[in-house]
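First comes one chain, alone, set out as C-alpha cells in the form predicted on its own.
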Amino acid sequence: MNINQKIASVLLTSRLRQLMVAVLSVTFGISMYVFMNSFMAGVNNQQTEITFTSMAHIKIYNDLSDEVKPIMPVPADTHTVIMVNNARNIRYTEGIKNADGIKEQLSTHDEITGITAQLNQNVFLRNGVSKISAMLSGVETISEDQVFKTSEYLVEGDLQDLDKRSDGIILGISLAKGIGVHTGDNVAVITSDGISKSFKVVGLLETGASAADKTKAIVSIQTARQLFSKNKSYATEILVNIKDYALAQKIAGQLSSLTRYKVEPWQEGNSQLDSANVLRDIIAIAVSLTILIVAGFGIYNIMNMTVNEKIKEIAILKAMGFNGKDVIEIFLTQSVVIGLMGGLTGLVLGRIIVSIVDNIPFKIATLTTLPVEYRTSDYLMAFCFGIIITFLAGYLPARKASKIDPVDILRG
C-alpha cells in the first residue's frame, strides 16, 4: 500500500463500530436489491406461465368481415330507391376448414416450438338438476401438451385417456366442484343446437387461472368434430408457441403472409399482462434503488463525521505537503473499501434470503413454494449500484476535506 492507502486503513480501523454500521447499511441495501428483483422476476414468470396455460403466444382464427347478403338484385335504374328493413348480416364462412394444411405450412418456421389446433364451443354441462355453462375444447392431446404442458396441471387422470375413449372428458377443478362431479362420474354435454351426449369424467385440471378452471372442459378434437358435425380438418383456432413470447408481434407479422385467417399475437388482446409485468419490474427496481440510496446517505453521514472529527489531522497532512488529490484518495479509499465489503456480504446475504424464500411453502397450480428467479444479472447490477452509490457518498466529504485551508484550522 502507498502512504495514502495506509492512512485510509488507519482511519477505517480506528473506529470499528462506525465501520461496521457503514458496511451493514450497504449489506442490507444490496441484499434487499437482490431479493426484491429475484422475487419480482419469479412472480412475473409464474404469472406469465399460468396465463399461457390456456393462451398461446399466437392465435390464428377466422375473423373475416361480415358480409350482407342482397335481398334482391340492385336495379340498373339509379332513380329507384329500395327500402330494406331489419337487414341480416350473414357470415358465409366460420372456423378454419383446412387446419392440417395450415399447420404444415407453419411448421417450417424456425421460431415456432409448438402448434396445436382446437375446436372451441360454448356448451352446457348437466349433472342431474345442476346445469352450468362451460367452454368445451376439442384438443389434439399430443400437440396440446407440447404447447400448454396440460398434463402437468392435471390433478387427476391422464390426458391421453381422451384418445382412448370417445366419451372421455376432463374438467377444470372449479367447474367440477360447481356441477358436483368427480373423476369417474358421468356428465351430459348439451350444445347450442340442442344435441346432448353423455361423457365420463376421466380427469380434473387445475391451472391456477381461476377463469379457466371454472369454465374449461376438454375432449379429444375428433370427439368434438363428431359432436358438432364438422369435417376432419375443421378447427376454430390454431394456437402457436414460439421460442421467445416477447417477439410474438414480430413473428405474427411474418406468419400472416402464410394464411388468409387472422394472426393475432398475445399482446393484442392481453396488453394488461405485459403492462402488469413492466409495472411490477419498475416497482421492484424503485424500491431496491431507494434502499441503496438510503444506505448511501448513511455512508455519507459517517464519512462526513469522519472528516469533521479528523479535521486537524487533515490540516496537518496538508501542512506536511499532502495536496487535495491525496486527501480525496484517502477518503475515497475508505468509502470504496466499505462498498466492497458491504457489497460482497450483501450478495451472500441476498442469496441466503432468496434461498429461504424459495423454500417457503406456497401452493397454487404447479407451485409448491414461493416463486423466485436466480439471475446473475441481479447480483451484478446490485454490486455495481452499491459501489457507485458508496463512491458518490464518499466523494462529497472527500472533496470537502480536500478544500480545507490548513492555516485556518491550525490557527483555531
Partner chain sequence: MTALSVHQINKYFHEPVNFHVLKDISFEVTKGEFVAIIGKSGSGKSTLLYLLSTMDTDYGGSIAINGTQVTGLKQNQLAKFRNEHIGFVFQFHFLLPEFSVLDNVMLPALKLKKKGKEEIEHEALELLSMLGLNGQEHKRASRISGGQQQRVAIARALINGPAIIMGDEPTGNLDSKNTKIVFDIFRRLAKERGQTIIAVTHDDEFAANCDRIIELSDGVLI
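Positions refer to the first chain, counted from 1. Predicted model only: the values in this text are computed from it and were never measured. Under this definition, the rigid core comprises the largest set of C-alpha atoms superposing within 1.5 Å between the forms.
Although it is not shown, the form predicted together with the partner chain is what the next lines describe.
Peer 1: Quick check on Ile316: any heavy atom within 4.5 Å of the partner chain in the predicted complex?
Peer 2: The answer is yes: Ile316 has a heavy atom within 4.5 Å of the partner chain.
Peer 1: Glu264 versus the partner chain, in the predicted complex: is there a non-hydrogen atom within 4.5 Å?
Peer 2: Heavy-atom contact with the partner chain at 4.5 Å: absent for Glu264.
Peer 1: If you check in the predicted complex, is Leu392 within 4.5 Å of the partner chain, heavy atoms only?
Peer 2: Output for Leu392 is no: heavy atoms all beyond 4.5 Å of the partner chain.
Peer 1: Can you work out whether Met320 and the partner chain are in contact in the predicted complex, taking contact to mean some heavy atom pair no more than 4.5 Å apart?
Peer 2: Answer yes; at least one heavy atom of Met320 falls within 4.5 Å of the partner chain in the predicted complex.
Peer 1: Looking at Gly95, Gly208, Gly324, Gly298, which is the one with a non-hydrogen atom within 4.5 Å of the partner chain in the predicted complex?
Peer 2: Flagged contact: Gly324.
Peer 1: Only one of Lys230, Lys197, Lys310, Arg280 has a non-hydrogen atom within 4.5 angstroms of the partner chain in the predicted complex; which is it?
Peer 2: In short, Lys310.
Peer 1: Could you run down 2-32 and flag each residue that has a heavy atom within 4.5 Å of the partner chain in the predicted complex?
Peer 2: Result: Ile3, Lys6, Ile7, Val10, Leu11, Ser14.
Peer 1: Using the rigid core as the reference frame, would you say Gly324 shifts its C-alpha by 2 Å or more between this form and the one not shown?
Peer 2: The answer is yes, as the C-alpha of Gly324 shifts between this form and the one not shown by 2 Å or more after core alignment.
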